[in-house]
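One chain is shown next in structure tokens, namely the form predicted on its own.
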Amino acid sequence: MLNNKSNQIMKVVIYVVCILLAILSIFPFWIMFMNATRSTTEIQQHAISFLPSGYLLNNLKILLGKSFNPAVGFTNSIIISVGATGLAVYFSTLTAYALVVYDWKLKKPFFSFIMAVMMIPAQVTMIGFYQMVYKIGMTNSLSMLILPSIAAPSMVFFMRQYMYPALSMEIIQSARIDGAGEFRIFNTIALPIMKPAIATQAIFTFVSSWNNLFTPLVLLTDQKKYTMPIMVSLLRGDIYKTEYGSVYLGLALTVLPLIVVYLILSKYIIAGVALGSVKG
């Protein structure tokens, strides 16, 4: 009886802690969405409100009147984020596959080099990267925000660590005996096994690429190529008055795609965790 009561108490405590953590996680997003419906005066008087107001359409008019073009921003951000995520996930998994499946002389030095590159901040290489992009005349090209994603050292490390216990060499050998090519083995066997890891890294890569402000701000000068973070950062450039309601609305519009991507890919992460627990 005592054990049953203690177990029930522990369950209640766990549920309460989980509910509190969920509330703390949702709270900033809820305040942001509520402030998107409020006026600047209301936000300045009471920064926190749990109920919506009636200034959403007015904030939208102000937002669109500040040379804020959501269609252009969304299109550019989607192109960059989807392209960067696809390239990073595929080529990082392919590199990890080569590190796990094949045995070659420079395998360990190559992995050590990847680990060393992980320690270098991106800001350190930005000057050299900009000079290279400027010399080839591609400063206003979205492709220069997509193609560098092919080299993602941290993702290669994550994929390698996940692939070692998940990918069975017996399956690879059987596929080779059956006459399957290496790319076919990778695309039809390795990639499906890596779905949970791919979903996890796809979320992180999409979010970081979507929220990236520094690199696009350095490379892009054409307003038609601006991304959503650049457009939102320009909303506070008004010398006379900052319309906080429109700023919050711009932030809300920027966050919505990230929530959608997470909801789409989260099922693969949950499925991978469940599969791992069954194997264990």
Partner chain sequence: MKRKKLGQGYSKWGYIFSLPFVIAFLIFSLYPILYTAVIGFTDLKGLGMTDIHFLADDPFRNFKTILSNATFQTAFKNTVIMWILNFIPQIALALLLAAWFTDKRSTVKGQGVFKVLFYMPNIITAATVAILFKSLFDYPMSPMNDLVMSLGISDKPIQFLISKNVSRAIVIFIQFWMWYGYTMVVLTSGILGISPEIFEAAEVDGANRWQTFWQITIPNIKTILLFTLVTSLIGGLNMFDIPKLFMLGGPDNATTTTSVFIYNQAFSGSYMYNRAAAASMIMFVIIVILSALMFWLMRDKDEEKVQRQIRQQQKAYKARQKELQREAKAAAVAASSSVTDGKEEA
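Residue numbers count along the first chain shown, from 1. Remember, predicted model here, so these are calculated numbers, not experimental data. Each form is matched to the other, and the largest set of C-alpha atoms that superpose within 1.5 Å is called the rigid core.
What comes next is about the form predicted together with the partner chain, which is not displayed.
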Practice item. Tell me, yes or no, whether Ala199 is in contact with the partner chain in the model of the complex, where a contact means a heavy atom of each within 4.5 Å. Key: no
**Study point:** Proximity of Ala152 to the partner chain in the model of the complex, heavy atoms at 4.5 Å
**Key:** yes
Practice item. Give a yes/no on whether Thr205 approaches the partner chain to within 4.5 Å in the model of the complex, heavy atoms considered. Key: no
Check your understanding: Is there any non-hydrogen atom of Tyr244 lying within 4.5 Å of the partner chain in the model of the complex?
Key -> yes
Check your understanding: Along 202 to 230, which positions have a non-hydrogen atom within 4.5 Å of the partner chain in the model of the complex?
Key -> Phe204, Val207, Trp210, Asn211, Leu213, Phe214, Leu217, Val218, Pro229
Point to revise | Core-superposed C-alpha of Leu220 shifting 2 Å or more between this form and the one not shown | key: no
Practice item. Look at Val247 and decide if its Cα position differs by 2 Å or more between this form and the one not shown after superposing on the rigid core. Key: yes
Review point. So with the core overlaid, does the Cα of Ile230 end up 2 Å or more away between this form and the one not shown?
Key: no
